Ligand code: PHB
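Shown below, as structure tokens, is a lone chain in the form predicted alone; questions about how it binds or moves come after it.
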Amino acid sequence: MTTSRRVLLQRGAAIVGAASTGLLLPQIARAQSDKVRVGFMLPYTGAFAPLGVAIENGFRMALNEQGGKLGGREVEFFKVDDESNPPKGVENATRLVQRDKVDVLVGTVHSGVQLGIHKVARDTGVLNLIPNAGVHIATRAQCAPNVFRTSFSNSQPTLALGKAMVDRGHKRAVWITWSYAAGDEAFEGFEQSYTAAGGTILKKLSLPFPNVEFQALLAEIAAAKPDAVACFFAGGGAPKFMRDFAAAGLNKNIQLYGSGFLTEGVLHAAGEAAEGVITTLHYSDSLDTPRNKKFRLDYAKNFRLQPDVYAVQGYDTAQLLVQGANAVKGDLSNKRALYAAMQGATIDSPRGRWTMSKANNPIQDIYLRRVEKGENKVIGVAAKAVADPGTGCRMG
């Protein structure tokens, strides 16, 4: 991304409506404008800024394919930089709902920030579309009819990982991650799928987030002599872990697996250390389908950037909203019909067709991917139609 484009996007994130004060307004009072008001609450600065940009780009591209309209109505956009800062989650979401009176709130990336958005969505009834954050509670114990996720739950990729490992002869494994919610939730999926397939977890290792001093834990892995290591790391820590794993010589005899975010967007930083690493995820750049090829070409033409899983999730977020808005002819105040249409939608996605679970989380194929020559190559489908269990979800 060019510096000028980044500056432009960051400046754009600051252009929002005039400030106001007062109590939170009921959602019913918002549908007075001729335009549908869509609020983006995404990271536009900091480490997650490229993810926020990709999500917004994908969303806008899908909407542009519909003539820029939702159910025949023009769309007005509002933007808030969430800064990936959980303590500001409620405040920033409230700004979009109360001050800008958005009909739809699209956000966010960081699960901690999502918890703030989730509180506001449940309190006010505003339609919230989650384009990334995989925190379980949003579509489990605190599920809500006005909250839809278009990405994944944190345990979905690893729910497909265990059997794939055992099928490849790797029956004794060590798990390693950071000590935080996303790591714990990813372990849930791995533990369930791996033990059900007959695998044995020798050790569960962790270190504080975002610590990247892996040497002591790598020594424990070497001493345990597992067939494989499975992990959840993302962002800057992911390539550091792969480099340290290789530097310790562990990649010569121990196969490294991970939730797909281990290798997503960091292959250049990981370099040779990533070669041969196997991951599971609901998308891969290399998916050899006409739908994915067209999406990638169109995205590159529109933004002069290569799309990633975050762009796909943003694109699918708009596709879901388009189906709902078209079903109610743009009358988003007709909540019952709107939500029913979104729950019943089939999304023709670059990742492959997917549907919505009763807890409003995608039911989707999870792909098995191996890093080959600096690319995540699809080598199979790890599991078809994987659904998060939606534990504790009671819609009402």
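Keep in mind that this is a model prediction, so the values were computed, not measured. Note that residue numbering follows the sequence shown and begins at 1. For the two forms, the rigid core is made up of the largest set of C-alpha atoms that agree within 1.5 Å on superposition.
The same protein has a further form, the form predicted in complex with P-hydroxybenzoic acid (PHB), not shown here; the description that follows concerns it.
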S111, heavy atom within 4.5 angstroms of P-hydroxybenzoic acid (PHB) in the model of the complex = yes
How about F261: is it within 4.5 Å of P-hydroxybenzoic acid (PHB) in the model of the complex, going by heavy atoms?
-> yes
Contact of F232 with P-hydroxybenzoic acid (PHB) in the model of the complex (heavy atom, 4.5 Å) = yes
Flag F48 as yes or no: does it have a non-hydrogen atom within 4.5 angstroms of any non-hydrogen atom of P-hydroxybenzoic acid (PHB) in the model of the complex?
-> yes
Which of these residues, V147, A270, A182, L287, gets a heavy atom within 4.5 Å of P-hydroxybenzoic acid (PHB) in the model of the complex?
-> A182
Proximity to P-hydroxybenzoic acid (PHB) in the model of the complex, single hit among Y283, Y315, F152, Y257 (heavy atom within 4.5 Å) = F152
Thinking of P-hydroxybenzoic acid (PHB) in the model of the complex, which stretch from 293 to 301, 103 to 111, 271 to 279, 223 to 231 has heavy atoms inside 4.5 Å of it?
-> 103 to 111
Any chance the CA of E83 moves 2 angstroms or more between the shown form and the other one, core superposed?
-> no
2 Å or more on the CA of Q306 between the shown form and the other one, with the rigid core superposed, yes or no?
-> no
Would the C-alpha of T289 be classed as shifted by 2 Å or more between the shown form and the other one after rigid-core alignment?
-> no
